[in-house]
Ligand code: HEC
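Okay, so here's just one chain, in structure tokens, the form predicted on its own.
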């Protein structure tokens, strides 16, 4: 079952259970988003008050901005209120503190502080107007189209990530992670990396007409690829393996290192229920499996480390990997395993991504690309050999 179908089923099933952004920079190859026609105009939707928005729904915006609307609908911004994991964690959408970021009033009405939850049109989730409404106008990075039906105006705040992104995505310190890191404008000299922002990684530039039939211009994709997207996850980290012989010919020690080489913030980030975990699979020289991470009886031994922002009150120290750092462990797990029976053969290091601690690692994890409820995914696999 696809994630899209799961989301539809999940909205009506309390047993099903987030949203977030993770992670890395770049624009991987992905299939084009199909254009979904917006619904026909609703009678009485337009208003004449110049201090009120001309349009009140995302669907109204989509009648002109068809491609952007299609991207938004497929994104986790557009689906923020129907995500089954969010519905479970928010007690079936009964926690206002969660809804304020999943269905917020427009950010300018909140003064770019933590948003207030909308009282109506919550099904629009994080809608076009949440980010673009500015009184009776809509704001964007470009001007010169003030005569358009939605009364657009140029506003530099639209590309200010501290104002636009931090209000929700700094609830768990993601924004501060970026500010402290090497991609921030305030990073110390000599710089290790050029300045990059949330927009560079999660809203890559695309050239296309803003409206159907309009001139081609530079804009941004409205998909916000993050922790649900396998291509984006693969850009975040790389693995390498260190193999050392144990004393007296007693097998080998296998240590796996993770480098946060693509994310502008720590990995994982945002929601506390996400984790990156390292595992090792081992075969002897005849190809027999000595250590199998998908075997429930061996999984504990095969797991080397866990990188995660832990729940408040857990008593555990967060073990997220900062940008550009290379580590085998930050305290949760040894980062290595000693296997006396492993004298010669081949192996694989795995970087496993879990959206929740309940996500199961099994043989399906090696095949599935789309995020699926309760299933861990193997994001990176690094092959190696050991012994004579």
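Positions refer to the first chain, counted from 1. Here the structure is a predicted model, which means the values were calculated and not measured.
One more form of this protein exists, namely the form predicted together with this ligand; it is left out here, but the text below deals with it.
**Prompt:** Of 293-301, 133-141, 279-287, 248-256, which is the one stretch near this ligand in the predicted complex, taking non-hydrogen atoms within 4.5 angstroms as near?
**Reply:** The contacting stretch here is 133-141.
**Request:** May I ask you to check whether residue 166 falls inside a 4.5 Å heavy atom distance of this ligand in the predicted complex?
**Result:** Close contact exists here: in the predicted complex, residue 166 approaches this ligand to within 4.5 Å, heavy atoms only.
**Message:** Taking this ligand as it sits in the predicted complex, is residue 196 in contact with it (heavy atom to heavy atom, 4.5 Å or less)?
**Reply:** Within the cut-off, so yes.
**Message:** Using a 4.5 angstroms cut-off on non-hydrogen atoms, would residue 327 count as touching this ligand in the predicted complex?
**Reply:** So residue 327 does not count as contacting this ligand.
**Request:** Give a yes or no for residue 316: in the predicted complex, does one of its heavy atoms lie within 4.5 Å of a heavy atom belonging to this ligand?
**Result:** Heavy-atom contact with this ligand at 4.5 Å: absent for residue 316.
**Message:** Which residue, 217, 122, 191, 180, is the contact with this ligand in the predicted complex, using a 4.5 Å heavy atom cutoff?
**Reply:** Flagged contact: 217.
**Request:** Using heavy atoms and a 4.5 Å cut-off, decide whether 344, 349 and 378 all contact this ligand in the predicted complex.
**Result:** No: no residue has a heavy atom within 4.5 Å of the partner.
**Request:** Taking only heavy atoms into account, state which residues of 360-388 are within 4.5 Å of this ligand in the predicted complex, ordered by sequence.
**Result:** Nothing in the stretch sits within 4.5 Å of the partner.
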